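The chain below stands alone, shown as structure tokens; this is the form predicted on its own.
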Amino acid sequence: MHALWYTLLALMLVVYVVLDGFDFGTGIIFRYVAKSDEERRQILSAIGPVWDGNEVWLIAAGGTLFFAFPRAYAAGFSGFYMPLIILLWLLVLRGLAIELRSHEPYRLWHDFWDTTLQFASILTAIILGAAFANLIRGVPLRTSGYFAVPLFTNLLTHPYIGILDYYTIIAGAFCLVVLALHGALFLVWKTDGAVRERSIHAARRMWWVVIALEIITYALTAVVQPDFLASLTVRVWPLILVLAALAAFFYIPVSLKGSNDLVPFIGSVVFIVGMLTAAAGALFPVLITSTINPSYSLTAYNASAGSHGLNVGIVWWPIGIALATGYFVFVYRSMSGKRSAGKIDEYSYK
């Protein structure tokens, strides 16, 4: 049961990164691929019906963490209080930028909220990458089950670590370009005209940046946390997932030459899903790694709720997820097709 809830939690986080990831990605490249107000409204019409719904998966994952692993929830939310508050405000700013942009017709107003959207999207992607890197590197978790780390110290991984160091910053930059590529491929699929062409150009350039940062990130991981990479290669199915993810990633530039614009985006989805699920498999059963003593780490076994609660929850969880999944299928099917700059619908945010 503990392994099942660990898997469900990881699955919900992966779904969140895939869905809200393309929202962040479009925000990151927003001002680059859309030059005119009409083109920017074209992009907003592509993400407008789904961006807020995508964030439901983050809330659901947080609720699942609270329900299934309350000790890890308490430790994580207390130790990462500052970056979580920053993340919360960035998500708020992002939502305000999308919704308030249409309230006034002035160019200065539009430019302000467009810049806010891009700024919030960039920082959110970096924070998400840095947060995951903290889980891999570990935190000074004590016997009490709690930890406290400053936002940064000397940017080194020892002896006094902070949330931001050279490793987590590089991981944040890697997450930034991966999500930017993901967003560009989403726009290739969902838009046409000049926005689509610029998105293709941006995707091809960022594909190379992803390769460079991926190599650097994995090299640093081997130095900072060699046990993680050992688990990644020793266990069979995480290794298979990594190979599948890399195959999908290297097929992206080939698929961009084809006529089906959905294929490159699917390649990005497979890449993200494969890498994240492989990482979750390599970390299992650890939820929060202790750098003080591995025995202090919080795992799916010592941080879980009682067996009765987990057994009851497994009955209701599929019902809730089925309803949420059905809603998302309906919305995405209703908004199928490309968004054209000359034919902006009710989600245009005029």
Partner chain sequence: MLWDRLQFAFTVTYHYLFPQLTMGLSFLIVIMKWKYLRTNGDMWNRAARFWARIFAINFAVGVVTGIPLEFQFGTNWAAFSNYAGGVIGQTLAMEGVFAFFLESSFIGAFVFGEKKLGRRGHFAAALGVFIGSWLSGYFIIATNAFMQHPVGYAVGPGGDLQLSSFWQFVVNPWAIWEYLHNMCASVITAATVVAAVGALWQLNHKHEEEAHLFLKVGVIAALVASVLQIFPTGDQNGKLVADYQPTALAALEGVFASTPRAPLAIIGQPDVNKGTLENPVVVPGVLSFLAYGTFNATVQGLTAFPKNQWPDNISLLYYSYHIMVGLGTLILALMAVSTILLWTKRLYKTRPVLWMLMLAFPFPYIATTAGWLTTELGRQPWIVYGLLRTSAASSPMLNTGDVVFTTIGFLGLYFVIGVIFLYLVGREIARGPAPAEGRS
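Note that this is a predicted model, so its numbers are computed, not measured. Positions refer to the first chain, counted from 1.
Missing here is the form predicted together with the partner chain; even so, the following discussion is about that form.
This chain is displayed without the partner chain, yet in the predicted complex the stretch 67-75 from 67-75, 165-173, 209-217, 178-186 comes within 4.5 Å of it by heavy atoms. The contact residue chosen from Leu88, Val223, Ala230, Leu155 relative to the partner chain in the predicted complex is Leu88, the criterion being a non-hydrogen atom within 4.5 angstroms.
With the partner omitted from this view, the residue of Val236, Leu108, Val254, Met82 that lies near the partner chain in the predicted complex is Met82 [heavy atom within 4.5 Å]. Taking the partner from the other structure, the partner chain in the predicted complex has no heavy atom within 4.5 Å of any heavy atom of Pro285. In the predicted complex, the partner chain lies within 4.5 Å of some heavy atom of Trp57.
Though the partner is left out of this view, Glu197 does not reach within 4.5 Å of the partner chain in the predicted complex, counting heavy atoms only. Not displayed here, the partner chain is kept clear of Phe249 by more than 4.5 Å at the level of heavy atoms in the predicted complex. Contacts between stretch 103-133 and the partner chain, counted in the predicted complex as any heavy atom lying within 4.5 Å, involve His103, Glu104, Tyr106, Trp109, Trp113, listed in sequence order.
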